[in-house]
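Before any questions on binding or motion, here is one chain by itself as structure tokens, the form predicted alone.
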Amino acid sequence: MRVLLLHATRISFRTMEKAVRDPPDPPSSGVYSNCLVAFVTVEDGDSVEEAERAAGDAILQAGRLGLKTILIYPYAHLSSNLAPPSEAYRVLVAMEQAIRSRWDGEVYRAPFGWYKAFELSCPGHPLAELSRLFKAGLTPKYSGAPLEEASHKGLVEKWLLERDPWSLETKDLVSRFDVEGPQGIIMLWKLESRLLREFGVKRRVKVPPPETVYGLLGATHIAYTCSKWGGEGLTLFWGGLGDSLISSRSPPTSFLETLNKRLLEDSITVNLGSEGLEAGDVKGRVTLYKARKGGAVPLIVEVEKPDGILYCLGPVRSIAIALLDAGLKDADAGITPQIPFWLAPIQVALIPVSEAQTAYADSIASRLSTMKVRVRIMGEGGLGARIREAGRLWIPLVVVLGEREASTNTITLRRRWEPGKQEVVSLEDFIGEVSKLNI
């Protein structure tokens, strides 16, 4: 089921001609003001379950906007995979009935099976237009109620349902780090490689992709995936690099703490099962990180198995982005944000003061490269601008090379974890320090 939710200051429609042979609704017209319009396309395979989830979501959105009227508008143009007319009508009626049974506002439904002329006025605020997709399959509930209804009743906080938890600043940082590109993707690769080593993972198993990986809905689907396919020493993957869960018998909490303590300090635990979040017959609990924007990001799922607890950590991409998000929280608190040396896409920045030191920078870069250290020579622009750019990329070690350093075989070193401090050290001492850090 695909739904387009619009806040309409005014909508009017009138039936024109039949779209199906025997429309189940009579022709009609209507005019509504300050309402939520749900343009609904019922797809092949949709059922009452999807209708109930869509109803709860519409109620939740109407509540956010302070609206007292919902208009369900049959709209067959959001998909090419349409359900048969009789089935689509049944699902639409089920959605209407579900809203009526849970909500004290007014509910209307435009007639099904007709081509309609309509006029619509929509304000331009951020929540005025939302698109939703409800797939057939697992219907998550919280203490017996669908998630959207549970939120409306106050059983769960609204931020736990957020499907896009990342702030604009976090998204900008992901772009700056090029996490999905050639340079930054090494961050995902190093993180997954370290997890494989830390938890003794030996095998990879391809699984169906979760419907989503954020909020309580994502927690439900990750828990289901972990329970059904997870096992000792397995990586569960479904897409590109970073689309993976690491399953293990060892608790992964200490590993997350080594990345950034905020990942656990700014998290909550939700129980899985009849007393909390239902994910089929899965029992256990899930740890969700509260993102800077306020949305929930599942990081750890603990599933109760007959032979003990199975832990699933990830998805790996969620951990990487949450780490950047936690760094921005540090920055908000006046703390220099950073990531571990071994994980940084660029570990060392070499900044020659002038072209005369380029050869010295090249020789240092060559030595670091043989040690498999990720190094970048930053030679263009003013000295201050290059140092600031290294800071924007959270590069752990920034090395400035001037005439004095080149003539004495030394470097001027700035360590990101010691903000405001720099020191001159010998090149050999620097190489030794990098060797110890790059484990």
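Throughout, rigid core stands for the largest set of C-alpha atoms superposing within 1.5 Å between the two forms. This structure is a prediction, so every number in the text was calculated from the model and none was measured. So that there is no doubt, residue numbering starts at 1 and follows the sequence shown.
A second form of this protein, the form predicted in complex with ligand A3S, is not displayed here; the remarks below concern that form.
**Student:** Based on heavy atom distances of 4.5 Å or less, which listed stretch (166-174, 81-89, 196-204, 338-346) is in contact with ligand A3S in the predicted bound form?
**Tutor:** So the stretch in question is 81-89.
**Student:** Can you work out which of G242, G230, G215, P111 has a heavy atom no more than 4.5 Å from ligand A3S in the predicted bound form?
**Tutor:** Of G242, G230, G215, P111, the residue with a heavy atom within 4.5 Å of ligand A3S in the predicted bound form is P111.
**Student:** So ligand A3S isn't shown here. In the predicted bound form, which residue out of V399, V40, A54, I70 has a non-hydrogen atom within 4.5 Å of it?
**Tutor:** Among V399, V40, A54, I70, a heavy atom within 4.5 Å of ligand A3S in the predicted bound form occurs only for V40.
**Student:** Within 4.5 Å, heavy atoms only: does W189 come near ligand A3S in the predicted bound form?
**Tutor:** Although ligand A3S is absent here, W189 would stay clear of it in the predicted bound form, with no heavy atoms inside 4.5 Å.
**Student:** Consider H77 of the chain shown here, and say whether it contacts ligand A3S in the predicted bound form, taking contact as heavy atoms within 4.5 Å.
**Tutor:** The answer is yes: H77 has a heavy atom within 4.5 Å of ligand A3S.
**Student:** Answer with yes or no whether K116 is in contact with ligand A3S in the predicted bound form, where contact means some heavy atom within 4.5 Å.
**Tutor:** Heavy-atom contact with ligand A3S at 4.5 Å: present for K116.
**Student:** Is V20 part of the interface with ligand A3S in the predicted bound form - any heavy atom within 4.5 Å?
**Tutor:** Yes, contact at 4.5 Å.
**Student:** Let me know which residues along 304-343 have a heavy atom within 4.5 Å of ligand A3S in the predicted bound form, or say none if there are none.
**Tutor:** Counting only heavy atoms within 4.5 Å of ligand A3S in the predicted bound form, no residue of 304-343 makes contact.
**Student:** Compare the position of the CA of Y73 between the shown form and the other one after a rigid core fit and state whether the shift reaches 2 Å.
**Tutor:** Comparing forms between the shown form and the other one, the Y73 CA shifts at least 2 Å.
**Student:** Is L343 among the residues whose Cα moves by 2 Å or more between the shown form and the other one after superposition of the rigid core?
**Tutor:** For L343, whose C-alpha is compared between the shown form and the other one after core superposition, the shift is less than 2 Å.
**Student:** Has the Cα of S175 moved 2 Å or more between the shown form and the other one, judged after a core fit?
**Tutor:** Where the cores coincide, S175 shows only a C-alpha shift between the shown form and the other one that is less than 2 Å.
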